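Read the single chain below, which is given as C-alpha cells and is the form predicted alone.
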C-alpha cells in the first residue's frame, strides 16, 4: 500500500500486444453492422429488407419486429428502442441489423435496406424544448428532471452583485478503443457476450429484458477496454450482437468505426447557465442564484443524475448561506447525452469559477484570496445542508498552486514550439500576451441520492505448487485506470501473500457496480478488503484449532501464522493444506439519501474530493491562438494507494478539462453532427499538454477504506475553468462560452 508496482497490463499496452475488444476473434464468426437513421426526427412508415437479404454472404437481417423481449433499454429509464420501430428521435439511431461473412458485405447489404421515413420537425434548442407548446420528443413532455434547491433567505440582498450567462458545448469522451463486442451462442440456448463496458451487471439486466432471457443464460465477460470516461455506461453493440448471434447460431462480432462511434455513445451534456452571486463588500458570499439547462438529447440515459450533480454541487466548494438553484434536464432531438467524467460538475464549474473572478474584481481581491475567503472547511454545510465531515482543504489547495514556481517569462529567443501556433510559424511573439487563471472544485464520489451503491468481491486463498496464491474475483471493470493493480495491492496488504491473481471480470460473481463516479478504488477496493478480512478470519480460526490457541491471539504475517509477540507458530501452508479458503462479500459504503423534492436539502453524497488548478497561457490576440504554458494542480486524494496511478489520473483528467476549454466540441446543427471524426473533433495531443506540477495531499477520509478519496474526476473539473480564466486574464475579454474558439478571442 502506497507503492507503485508495475501494472500487469502496462507492458502489453505500450508494446501493442494487449488484446482490446476490437481484437476479438472466433472461428466461424460473422460480422454485424447497424443501419442508422439519417434524420434527427422522423416517422418510420415501412422497412423493406428483401433486397439486403439477396446480397451473397448475408446471414440475416433484423428489425424491431425481431426483438423477442422488450424493445427498450436505458441506463436509468428504459426509453430507448433496441431498434427503432415507429419513430427515430436522433440522427444515428439504430433501425436495422445485418450479419454477413465480411463487414463490408454487411455494410453493402445495410445500404440496400429501404426505410420509408416521414421526416418530422426536430426540436434541437433545449431552451425552446422547455416551452409548454414545444413539440414533445417523448410523451408527456420534454422535461427529464427539474431539481430545486432552496436554502436560507430567498429574498437575501447584498451590496455587491455579479451576474453572468454561460454556455458549455457538447464534449465527447473520445476513447480510443471503439465500441466492440463478440457474442457467442451457447449450447443451453443462451449467449456469452465479450464486450468493452463499464458495468457488466447493469448491461446484463438490460440485455436480458430485450432478449426475454433469464440472467443465467446471458453471461457477460469484460474484454480489453480502450478508455471509457462514461461513454460505455450505456449499451452500444450489446443487444445487437446477441440478437444476431442467437438468430444465426453463429458467433457475431460487431466493431464500430470512428464515425459510427460518435453516433454510438452518449456525450457530455451541453449547458446554458445563468448565475448570480451577491456578496458583502469584503467579498464574503451572501447568496447565490443559478439556473442551469442541460440538453439531454433524445433519450434519458443518466440525465436525471447529471442534473442532480449540476444542482447539488453546482455552486462549487464555497460557503453560501442563501441559495436558490434550478437545474433542468430536457429532451431534444439532438444526440443523447449521459455520463462523462465530471458528471454535471464540469459544466457548473465554468460558471461558478468565472463568477468568482468577477466578484474578486468587484471587491478588489485577488483571484486566490476571494476563493480562500469563501472556501469550505471541514464542518461546514454545503448547499444541500450536508455537513462536510472530512477534510475540505480548499484554501490550502489554492495556496499550494499559487506558491508553485511560475514558468519562465517568454523571451525573444523563445522556442517556436512554445508559442501559440507553434511550428505553424504564425508568430515570433508579437501580439502574444500572457495570462494566469485559477479554479477550484469539489466532486462527489460514488453514487448519490440514496442509490444502493455496492460492490462484490470473492477472494480465494490456496496453496499452489507450494506457494500461497490469492485469487480476487470482481466484476468491476478495468477501463484503463489501474483497478487490477489496486486489487492486487489490497490483497497483498491484507493477506500478506505476494502472488495475487486477478480473475477475469465477468458476471459469474456479483456486481462490482459501475467504473464511474471515481468509485472503484473506494467501493470495490472496500469489497476486496472486506473479503480478504473474511478469508483471514477463517484462516486464523483454522490455525487456532490446529495450534490450540485462541484465534484472537494469532496474526497472519507474510505466509506465516504468528503470535501476539510476533513469534512464528506455523506456516500458512500447514494451515491451508489442500483445502482452499474462499469468501464472497457484498460491501456498501455508508448510505446516502434522497433530497427533499421542494428544497433540495439532504445528505445526498457519501464523500467529496477537492482539487485546484493554476493555468498559465500565452494568447496570440491577433489570430486567437492559445498555448497553455503551465497547468499546475493540487489535489487531496485521501490515501494514495498507488501514487503513480494517482498522478496519471490527474494528468489525464487535466488534459480532458483543458480540451473542453480550448478545442473539444461535437458541433450539432439542426440535430446533425457535423464533425464525427478525429480529423474534425480535436483533442489535446502530447504537443498541446504543458508541463504540470502535481502536488498530492493525503488527508484520509475517516469513513473510507484506508481513507481513500476518488481521484479521477476532480482534475477534469477544475482544469478547464482555470484555462478559461487565464485566457480572460490575458485578453480582457468576457469569453462566456467554451470551447473558446479563435473567433471568440479576435471578435471576428
Partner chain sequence: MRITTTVNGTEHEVDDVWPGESLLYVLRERMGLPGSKNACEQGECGSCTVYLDGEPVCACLVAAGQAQGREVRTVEGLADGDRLHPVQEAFVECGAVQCGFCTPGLLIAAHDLLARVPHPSDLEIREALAGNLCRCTGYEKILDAVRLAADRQARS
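Residue numbers count along the first chain shown, from 1. If you superpose the two forms and keep the largest set of C-alpha atoms that fall within 1.5 Å, you have the rigid core. Everything quoted here is computed from the prediction, not taken from an experiment.
The form predicted in complex with the partner chain exists for this protein as well; it is not shown, and the discussion that follows is about that form.
Of the candidate stretches 497-505, 276-284, 433-441, 651-659, only 651-659 contains residues with a heavy atom within 4.5 Å of the partner chain in the model of the complex. Proximity to the partner chain in the model of the complex, defined as a heavy atom within 4.5 Å, holds among 47, 58, 697, 29 only for 29. Of the residues given (636, 664, 234, 91), 664 alone sits with a heavy atom within 4.5 Å of the partner chain in the model of the complex. With a 4.5 Å cutoff on heavy atoms, residue 678 counts as touching the partner chain in the model of the complex. In the model of the complex, the partner chain lies within 4.5 Å of some heavy atom of residue 178. Heavy atoms of residue 707 never reach within 4.5 Å of the partner chain in the model of the complex, leaving it off the interface.
Within 4.5 Å of some heavy atom of the partner chain in the model of the complex lies at least one heavy atom of residue 13. Contacts of stretch 688-719 with the partner chain in the model of the complex, defined by any heavy atom lying within 4.5 Å, are made by 689, 690, 691, 692, listed in sequence order. When the rigid core is held fixed, the Cα atom of residue 16 travels 2 angstroms or more between this form and the one not shown.
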